[in-house]
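In the block that follows, a single chain appears as structure tokens, in the form predicted alone.
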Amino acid sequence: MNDNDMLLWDETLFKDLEVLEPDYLPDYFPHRDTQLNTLRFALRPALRGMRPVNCLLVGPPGTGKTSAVMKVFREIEAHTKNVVAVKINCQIDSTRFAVVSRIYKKMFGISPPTSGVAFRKLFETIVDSLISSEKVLLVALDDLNYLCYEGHANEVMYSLLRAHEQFPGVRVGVIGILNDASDLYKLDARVNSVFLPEEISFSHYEYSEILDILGDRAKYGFYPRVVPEEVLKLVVSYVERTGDLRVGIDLLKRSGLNAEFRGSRTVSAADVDKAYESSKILHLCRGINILSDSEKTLLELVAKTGEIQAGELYKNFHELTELGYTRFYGMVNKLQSLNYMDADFSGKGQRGRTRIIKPRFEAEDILKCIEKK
């Protein structure tokens, strides 16, 4: 490397580091037009002061679900002052009081007292304000499955969805965001009878779509010619392993920081490889962390055995959890869709329907993440 290839001490490769943050919401939001338009259409009644159609956004991590909601919320807020749009992270706010406190803060600009105030009083304050101001409330429950795991989903959903029965004139819409619709099996009939969501599916991005999106982030996040095309394609190949676009965005940033540390004016393949080695366990653990205990148990069994027939795996799983085959089968499909394991038919056995199940990540890495639960 000659002197012209070296960064000066006060120079940087990054034109806008904010663009390379996973929660950055870009103006360019491609390959999700169908989902965005379906969501816009469902929420359109709120712009006319009516209760919108409830929605359920379903798909693997890093496929644009939360970003789609935030983009539509931003559009709504720019168009009207008569809609209160709140996105709640249910990993953090996983109780009924925490959810309503987040709504209260959005509406009034301050957090309610953490003690000495009953849920009912807090909720009535919110509802009275909505009715008197003739505003519609939109609540997006991100990682809704956490409310299910903690046992608070029914009370949260019931309070929001049936508020109009107790408080005539209030208008509330709920958007659920989660990885797998089967997580909603814990919702009881009185909630399901009023939720009735428009289900919007988010599948993994294709290779060309990942390349397009990350190419746009690199264009606006770095100065010209910092990330060569072949290096960008290497980042995309790593994203394909996980299916999580956030991995690619994080890899771009980490790779750029590695190049800066070397004093280089360009990001190399070695910078990407080093970044992936240091970050892959973090991304894997983040995904495993949101699985239910039963799903972690199943994944742990697969990691420990390496490769196993579905029938034998079910026998071992049932002995540990006492769960039936239907739940087991659903979990296998979910963990396969999340790219944690392969579950392919072998062509052997009765009518060639024997499934061979094996992990897609290093067993050691999977077990480290599960141990951290």
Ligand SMILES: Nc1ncnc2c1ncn2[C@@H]1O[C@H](COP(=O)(O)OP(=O)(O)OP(=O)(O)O)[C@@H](O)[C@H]1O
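As the structure is a computational prediction, the values presented were derived from the model and not from experiment. Numbers for residues come from their place in the sequence shown, where the first is 1.
Beyond the structure shown, there is the form predicted together with the named molecule, which is absent from this document and is the topic of what follows.
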{"item": "Contact label in the predicted bound form: Arg217 to the named molecule, heavy atom within 4.5 Å", "value": "yes"}
{"item": "Leu144: touches the named molecule in the predicted bound form, heavy atom cutoff 4.5 angstroms", "value": "no"}
{"item": "Contact flag, Phe14 vs the named molecule in the predicted bound form, heavy atom cut 4.5 Å", "value": "no"}
{"item": "4.5 Å heavy atom contact, Thr66 to the named molecule in the predicted bound form", "value": "yes"}
{"item": "Answer option from Arg286, Arg265, Lys135, His152, heavy atom within 4.5 Å of the named molecule in the predicted bound form", "value": "Arg286"}
{"item": "The named molecule: the contacting residue among Gly49, Gly306, Gly324, Pro30 in the predicted bound form [heavy atom, 4.5 Å]", "value": "Pro30"}
{"item": "Location of the named molecule contact in the predicted bound form, chosen stretch of 38-46, 308-316, 55-63, 337-345 [non-hydrogen atom, 4.5 Å]", "value": "55-63"}
{"item": "Contact check for Tyr104, Thr125 and Val172 against the named molecule in the predicted bound form, heavy atom at 4.5 Å", "value": "no"}
{"item": "Contacts with the named molecule in the predicted bound form, stretch 249-268 (heavy atom within 4.5 Å)", "value": "Ile249"}
